[in-house]
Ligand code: IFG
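To begin, one chain is listed below as structure tokens, in the form predicted on its own.
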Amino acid sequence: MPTLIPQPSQANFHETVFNLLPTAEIVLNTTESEVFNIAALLAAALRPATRFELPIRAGKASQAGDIALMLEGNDPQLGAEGYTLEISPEKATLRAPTAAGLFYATQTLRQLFPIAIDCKDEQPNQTWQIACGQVRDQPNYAWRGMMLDVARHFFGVDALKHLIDLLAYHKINTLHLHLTDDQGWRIMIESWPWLALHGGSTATNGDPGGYYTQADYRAIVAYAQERYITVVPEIDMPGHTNAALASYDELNENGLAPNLYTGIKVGFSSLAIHKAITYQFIEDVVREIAALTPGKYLHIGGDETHSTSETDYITFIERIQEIVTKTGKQMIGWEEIGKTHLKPGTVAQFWWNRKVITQATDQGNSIIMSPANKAYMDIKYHEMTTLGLAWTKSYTEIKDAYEWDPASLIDGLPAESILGIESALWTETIFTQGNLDFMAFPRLCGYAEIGWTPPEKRNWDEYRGRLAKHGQRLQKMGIQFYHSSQIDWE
């Protein structure tokens, strides 16, 4: 039985096998460029280890030994991201009514091959066999995300592309970028350039800062789009704003810019709620970010505003909603926005306070589930973990990260209000690619399965066996993941 992560909703395999041969082609039933791009990504993933040419042919009937990508059908049960996969001794046929579904079918196909397929160099004398069978698969949740904080420590374009590839491999479809905070401003705003030039010059612990040019950001967004991942930018406000306040005197209530900040304390900064320049600043920032972001969402943070009175906070959030809506985007905010009057379509993101998040659902608004004591990947695995924090007063081992259900976590929460799940990696103690890999993996594999696989198909004892084998794939990809004692790694 293949060890797929995330587990498909329906799968049946048997003992006969399909052999990928050097003569294999990837055959398409359409000339659409989007499907050609999916085929090109699949070929690029399979070529390094096999050294097969894998030419892509459109409009040609598939032959024995081929991989066929078929964009066809109108199956409402498969939805926007579902697919079918049929492996016979003659060929592998991937079908989906949408290009996104076809892309996810290719990710499943990749995991059906021997683990050596994920090596970056040629693997001689390897037989590229996969088990024959059928898969019919679609996600449990529409929103399957990860949040990366690039404000506390900055990660460049190549690091984000590396992460995007891994998200796509596990069928995660949203990358939420926490672009601004007290410690750094990470995106160039042409109308307020000192935000990035000055506010982006530092990071936590005095480490080097950095920022994305608008060309950098466009490249990240385009790379993600090709892999069916939506980038959701977050500009945190009215708190978590010291980097902005340090960049422009006029954004401060007293007209005096504070020093740049490199600590990890939260809740001490706030925009000047009653100054007109504040809202001109926000309109400019939101306008530029919205123009760079093709996705329909824009995140405004809104959490931990301890230096803003509740009355001012409500006034601010309700005014910001109008600014975001004016750009054609839907606003997302952390759970605290549930205290305000939310517009239809605004989304709240749960992380800690169950009472506040129900105030959002009571208004008919949707939510994203990111419980800190389950889905925050900056939390230590155990007390001896050298990276990460433990402010939740608990640790998050692999089993803890896997064994929870978004729909039953909060009593009385309407299941239909849940858009999906998003894990989060805050980076106060994370400053290298290796640190990121170690804290994200293999927990991210479990979050991917929670987002994709129906709860009745998820079982810890069965999952830990699949994860043990999946760890070999992560190793072939060069991921420096955490080897939990809860897993019998192979």
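Don't overthink the numbering: it's just position in the shown sequence, from 1. Just so we're clear, the structure is a prediction, and the values are computed from it rather than from any experiment.
Omitted from view is the form predicted together with this ligand, to which the following refers.
- Residues within 4.5 angstroms of this ligand in the model of the complex, judged by any non-hydrogen atom, belong to 370 to 378 and to none of the other stretches in 185 to 193, 216 to 224, 370 to 378, 309 to 317.
- Interface residue among Arg95, Arg152, Lys171, Lys329 relative to this ligand in the model of the complex, by the heavy atom within 4.5 Å criterion: Arg152.
- Of the residues given (Tyr395, Phe268, Tyr248, Trp391), Trp391 alone sits with a heavy atom within 4.5 Å of this ligand in the model of the complex.
- Using a 4.5 angstroms limit between non-hydrogen atoms, Glu449 is distant from this ligand in the model of the complex.
- Taking the partner from elsewhere, Glu304 is found to have a heavy atom lying within 4.5 Å of this ligand in the model of the complex.
- Among residues of the shown chain, Tyr228 is not one whose heavy atoms approach this ligand to within 4.5 Å in the model of the complex.
- None of the heavy atoms of Asp66 is located within 4.5 Å of this ligand in the model of the complex.
- Looking at this ligand in the model of the complex, residues Trp334, Trp351 and Trp426 each place a heavy atom within 4.5 Å of it.
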